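Have a look below at one chain only, the form predicted alone, in structure tokens format.
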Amino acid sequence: MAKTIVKNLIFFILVLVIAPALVQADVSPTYALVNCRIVPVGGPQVEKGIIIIRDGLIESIGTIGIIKIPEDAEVIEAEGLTAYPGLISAHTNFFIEPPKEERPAAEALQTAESQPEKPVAKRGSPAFSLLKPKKTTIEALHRIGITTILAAAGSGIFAGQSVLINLNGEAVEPMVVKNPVALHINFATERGAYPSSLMGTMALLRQSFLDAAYYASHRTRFEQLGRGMKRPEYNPFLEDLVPYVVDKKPIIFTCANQEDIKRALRLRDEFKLNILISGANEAWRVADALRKTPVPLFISLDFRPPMSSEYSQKGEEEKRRAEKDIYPANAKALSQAGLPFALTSFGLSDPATIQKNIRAAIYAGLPADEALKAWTITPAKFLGVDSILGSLERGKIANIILTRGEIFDEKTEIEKVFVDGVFFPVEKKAAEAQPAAINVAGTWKAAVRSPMGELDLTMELEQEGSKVSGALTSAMGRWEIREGTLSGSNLVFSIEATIMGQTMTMEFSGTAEKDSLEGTISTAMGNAELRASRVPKTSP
């Protein structure tokens, strides 16, 4: 038994450590995309073009016949396809796994009640430290053309710093384009604690900005004088805030309604902050104020009226009408007002809804070419990465999507995706899931067989409708099951496995019957077979 465990431990270490190293050591292939129509965004269209990709970059781009195909290039025939820059969603909560509470909620509430008016600002966690990329979500975003996202934590007043990532795989470090990007602030309140009102939130923000400015000034004086001056007490929260208040690094305010936009503008003017505004699906209501002092806008495609909206106050029917007819026209109104903006998926978690709502904004009057800029070059400019992303140009990162049809047309399909020059074939969207044929909830005894040996497991499964969750337990530890779905008798799920302090994701696909289950686990080094049998319930 001990020898079997050792063999399997060696196998999984090879999967976890050696395989990724070999992949990273491979030289990036060179591709030639030939005979495609090119919409570069940054220049004129090319009807019959060629794009050379080498080492993750666009080496050359132009008309077929003028650009020479390198001898070492893999030629991809793209006749009938159109090449666009990969889309950028400049504010999302994708892949963010919130940190666990440091103390029980009851204890926090008791402390808040004993000190109801003590203004304590909480530090937000950097988004990079919370990232948990998921293969299925990455594939779903590829299917709608998104190759780059700005990931930010969503909760708290000071929500932490965001990170810009390319969707080129599941390992976090190779995905990072820029980190940190901006500090994110929400006009939120604290439940059962200060601040419990938006007035209190504004007071907390103002006091925090004033404290940061004083803290920086005091620290600078001490650095200049040193001897004879009391050393300033170190404050980690203010240390984090100083670059944004004093050095004017960017702050992204998330604004749920028109009043939040006004609050953000007042804080910007009062403290001379470098701000961007996100969310803002009521930006059209304050277009005059935004025209006077322009600010970069990340406009959400979440068309649900905010709770403060008059449409939300008039009943469900009026709210649905506003979501369908009024809020989708926000982008058109801003375009007509001459205000630059990017479109984002903020507030939406389903890629299919993102795609549908892009079309809704176009149907409401936003020109398609402006919609394309709002998903490519404009967010790249706002985020300070337009020299490397946002358009198809020589020397830029090879984030390219190939479509059959105009990018935002309802019948258009994205057929090929390149991210950092890595080719990702796009699988057709799976058919709508069927109802689960059985209930797999319960305990299962399983064995995983691979060329390296066999590993015995116990599976504890839970099921709610077609959704399956649970965990696998073995001599190597307990591994969580995520994103499980049972469609008919077809079972798929991801396994979150931690081995020697490192975490990897493995994918299971197979079939389930009443008392048996079998399928394949896909890993970085190959596949392993899993077979399981249900453990009968014992009588009480």
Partner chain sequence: MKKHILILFSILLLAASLIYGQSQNEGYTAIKGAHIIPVVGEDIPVGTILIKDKLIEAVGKDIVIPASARIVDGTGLYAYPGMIDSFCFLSLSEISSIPATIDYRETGRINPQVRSVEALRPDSMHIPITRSNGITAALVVPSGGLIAGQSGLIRLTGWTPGEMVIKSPVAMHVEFPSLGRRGFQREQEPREEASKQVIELKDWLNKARFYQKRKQAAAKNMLLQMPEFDEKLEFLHPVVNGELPLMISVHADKDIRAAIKFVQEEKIKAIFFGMTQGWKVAEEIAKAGIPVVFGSLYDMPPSWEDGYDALYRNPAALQKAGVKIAFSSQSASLAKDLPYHAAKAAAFGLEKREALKAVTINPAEILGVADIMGSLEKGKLANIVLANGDILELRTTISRVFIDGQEIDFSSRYTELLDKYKPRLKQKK
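A quick note: this is a predicted structure, and the numbers were derived from the prediction, not measured. Under this definition, the rigid core comprises the largest set of C-alpha atoms superposing within 1.5 Å between the forms. Residue numbers count along the first chain shown, from 1.
If you look for the form predicted in complex with its partner chain, you will not find it shown, but the lines that follow are about it.
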{"item": "Heavy atom of each of G315, T443 and E460 within 4.5 Å of its partner chain in the predicted complex", "value": "yes"}
{"item": "Its partner chain contact at T473 in the predicted complex, heavy atom, 4.5 Å", "value": "yes"}
{"item": "Interface membership of E507, its partner chain in the predicted complex, 4.5 Å heavy atom rule", "value": "no"}
{"item": "R478 within 4.5 Å of its partner chain in the predicted complex, heavy atoms", "value": "yes"}
{"item": "In the predicted complex, segment of 415-423, 306-314, 71-79, 167-175 with a heavy atom within 4.5 Å of its partner chain", "value": "306-314"}
{"item": "After fitting the core, E59 CA displacement of 2 Å or more between this form and the one not shown", "value": "no"}
{"item": "V41 C-alpha relocation of at least 2 Å between this form and the one not shown, rigid core basis", "value": "no"}
{"item": "Exceeds or equals 2 Å, Cα of E139 between this form and the one not shown, core fit", "value": "no"}
{"item": "Sense of CA distance change between R482 and T353 in the predicted complex, threshold 3 Å", "value": "closer"}
{"item": "Sense of the change in Cα distance from D350 to E460 in the predicted complex - at least 3 Å versus the shown form", "value": "closer"}
